[in-house]
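Consider the single chain below, provided in structure tokens and representing the form predicted alone.
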């Protein structure tokens, strides 16, 4: 199955979590909105000055260049002048302050020709702008401030706060359990036995999940034992909305994850036309969605970023969770055997001719070290062969994948 088809199947299969909760806007960063939010007030709620200067009536501009205008007060932000401006009058006004009734023009302070006592004369000019922000200039009462499926970020939180909104409804955090599998795995810090390696996949997945609004449950490691795998998946699926495993999804005699998903529930698909990460299982056990990621460290990370993360984000309420892509030119040749679409680790940078990208060394699926210099994945179409320098490729930046 191609990646695009697999994501389509996932989005069709997985509903947005129905549970919601109300949170303070100040605590909402990273959460997905469960409902549209409309402005309860106009912003600004009064005509406001966009500049420091003098509030006048436009019909008095010619008079301001002759005998001048009489200054009758001052309007500061938070301290308005509440009178009504009469012909021949002006007030000193500051940015953000309320423009009084009778005024429809701000003359900038740098246009003052003479300011003596209560008389103000201005240089001869016809201002091109009024510098008056009308009521509702930013947002009108009842206007949409945020939409269902938006992810709260600092700018959105600021917009909500400016409309006087202190609390919003968000999709509840799904509970995501993470397993790793394999008798060969040992926790970092412990001595290695013969034929053993350190378990990096579980740590990587748990930390990658930190970019999503989920509750992560570290479920430890599963041995290469069919009954133990079955018991663990059965118990965990009753307690979690999502399970993510690494390893045990290939065709070896000790690979039990795929068969266990099928035995306990439904296996939606297994194996993608993808490199790294061909053996990837997705299914359901009861109401719990299960992602069986491949065991090679790079394959685990790539399939999590391209498949599991968009699907979990969709469950969290994201309106659009497909990783963004942009074009870049290869700064050096890239090797690829036609067949599966491949996602190579690369590094892009700005150059005179635009963005350029190059691979970061050996692309073997066990080499986590190739991520050290990488800041993106380079998407190589399945039918493509080796690509020469200068070829245009699609690049998926990590700054979107990891946040």
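Bear in mind the structure is a predicted one, so any value in this text is a computation, not a measurement. Residue numbers count along the first chain shown, from 1.
Beyond what is shown, the protein has a form predicted in complex with a small molecule; the following relates to that form.
Contact with the small molecule in the predicted bound form, defined as any heavy atom within 4.5 Å, is confined among 163 to 171, 302 to 310, 240 to 248, 107 to 115 to 240 to 248. In terms of contact with the small molecule in the predicted bound form, the residue from 80, 297, 265, 149 that brings a heavy atom within 4.5 Å is 297. For the options 197, 332, 231, 124, the one in contact with the small molecule in the predicted bound form, meaning a heavy atom within 4.5 Å, is 197.
Residue contact with the small molecule in the predicted bound form: residue 184 places a heavy atom within 4.5 Å of it. In the predicted bound form, the small molecule sits beyond 4.5 Å of every heavy atom of residue 260. The shortest heavy atom separation between residue 75 and the small molecule in the predicted bound form exceeds 4.5 Å.
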